[in-house]
Structures are given as structure tokens and as C-alpha cells.
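Next comes just one chain, in C-alpha cells: the form predicted on its own.
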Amino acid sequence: MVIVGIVAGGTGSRMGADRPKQMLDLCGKPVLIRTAQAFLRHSQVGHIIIGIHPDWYDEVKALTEKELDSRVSVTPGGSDRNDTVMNIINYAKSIDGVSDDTIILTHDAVRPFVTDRMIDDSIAAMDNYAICTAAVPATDTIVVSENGQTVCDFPLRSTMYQVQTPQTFRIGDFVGVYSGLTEKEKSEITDVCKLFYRKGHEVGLIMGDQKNIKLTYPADLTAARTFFEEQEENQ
């Protein structure tokens, strides 16, 4: 059994909607529900825990009870992403069979197109790494700008990857890394993989998927509806 932690604490201001982007409609159901359903289809997923912004806790809890099954729980999110992951882990510890060695896949609530292959690869990578992340090779030229106005470097594109989720690790390893951080480090490092990397852990890569997009802007939601309709036609 593995655990999935869906990080849904954001408010989605860049989407320009009056609701968090994970609550927007994707072909008849909220994006968050579509994301959870993608994981529930996988045979090794034993439980899903959604970390939601406290303002939306009651609505999301009622929604999951209506749309999903008893393997899905909801807990209030924290002050930032890593704090939300910690809240999810604290909740996970109350589930029978969960221990420090339990594998947890943490995933953005607004990436509804995670595949079984990505989940399989993430779990398998735990034989070799303390943490791994889905990623895809960068297709555009990447530049560095320190002032936001002029370019100061052109990194080699063939070595550049765009990080996605899931990001996968064992519960006990995250607790060990997170509890050893200073408050300054907690405020500065927002990515789980960077936490592990800063503490000396090798970060493994598993191949993501170009369709595993993060719904951030209105155009992303339009593309997601097209992807979902194509997915339904092919099933």
C-alpha cells in the first residue's frame, strides 16, 4: 500500500476565477475530483489525503464524501506547501498500516492527468532513491535573468528539465528532513525535492508526461478539457 497526498492549499489567483482553481469544473466535475480519481484507479494506492485551504475544508470534505470513496480523507492545509505536506503526513500516521517506511506520492491538486505508468515508476524509484520527482526535458530555450530585465546566462538546454509531480518519498524520511530545518530554511525552500537535496539526498528523476500539465492560467483549463475529452474517447 502507498499513500497519496494531494496538495490543494492554493487559492489560484492567477486563474482569475472566484474559486480556487482545483475547484473549477473539468468536464462535469471539479479538477480536484478528477485528480483524485486518477490515483484511485491505481491498484497500489491505499489511501488519499487531501490537504486543503482551511476556508474550503467543509466544502471539499462534503464533496469528497459525495464523489469519492472511503479511501479519501481531507485535512486542513498549512501555511505553505511543505507545511501542508507535514499536515498530510500527520494525518496519515493515524491510518492502520502506515509507518515511517510507507511511501507517499505528493501531487498537485491541479495536475489531473497523472498516469498509471508515472505512479508505477515513482514507486519503483524508491528502491534506489530517498526521493524522486516526475520531470520532462525542457523543450524551450531556458535563460537566466537576475534582474528580470536582461539575460545573464544561457544554460545548456539538454541538461534542463521541467519538474512536475508526483514527488515521492517515505514518510519517515520527510519528517527527518523537515524537522531538521531552521525557520529560515522552511520559509525559503518551497519544494520538497529541494529540501532533500539541501540535506544531502540524491534526487531521482522519473519521466513525466507532456499532458501532465499544472492548471495555472485560463488557457490551461481549456487545454485540460480537450485532453479529458480525448481521454474519454480512447477508453
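Because the structure is a prediction, the values reported are computed rather than measured. Residue positions are given as counts along the sequence shown, with the first one as 1.
What follows is about the form predicted together with a further copy of the same chain, which we do not show.
V163 is the sole member of I123, V163, A92, M86 with a non-hydrogen atom within 4.5 Å of a further copy of the same chain in the model of the complex. Proximity to a further copy of the same chain in the model of the complex, taken as heavy atoms within 4.5 Å, picks out 194 to 202 from the listed stretches 38 to 46, 23 to 31, 194 to 202, 170 to 178. Interface membership of R111, defined by any non-hydrogen atom within 4.5 Å of a further copy of the same chain in the model of the complex, is confirmed. Shown alone here, S99 lies farther than 4.5 Å from a further copy of the same chain in the model of the complex, counting heavy atoms only. Mapping the unseen interface onto this chain, Q210 counts among the residues with a heavy atom inside 4.5 Å of a further copy of the same chain in the model of the complex. By the criterion of a heavy atom within 4.5 Å, D127 is excluded from the residues contacting a further copy of the same chain in the model of the complex.
Residues of 59 to 79 include none with a non-hydrogen atom no more than 4.5 angstroms from a further copy of the same chain in the model of the complex.
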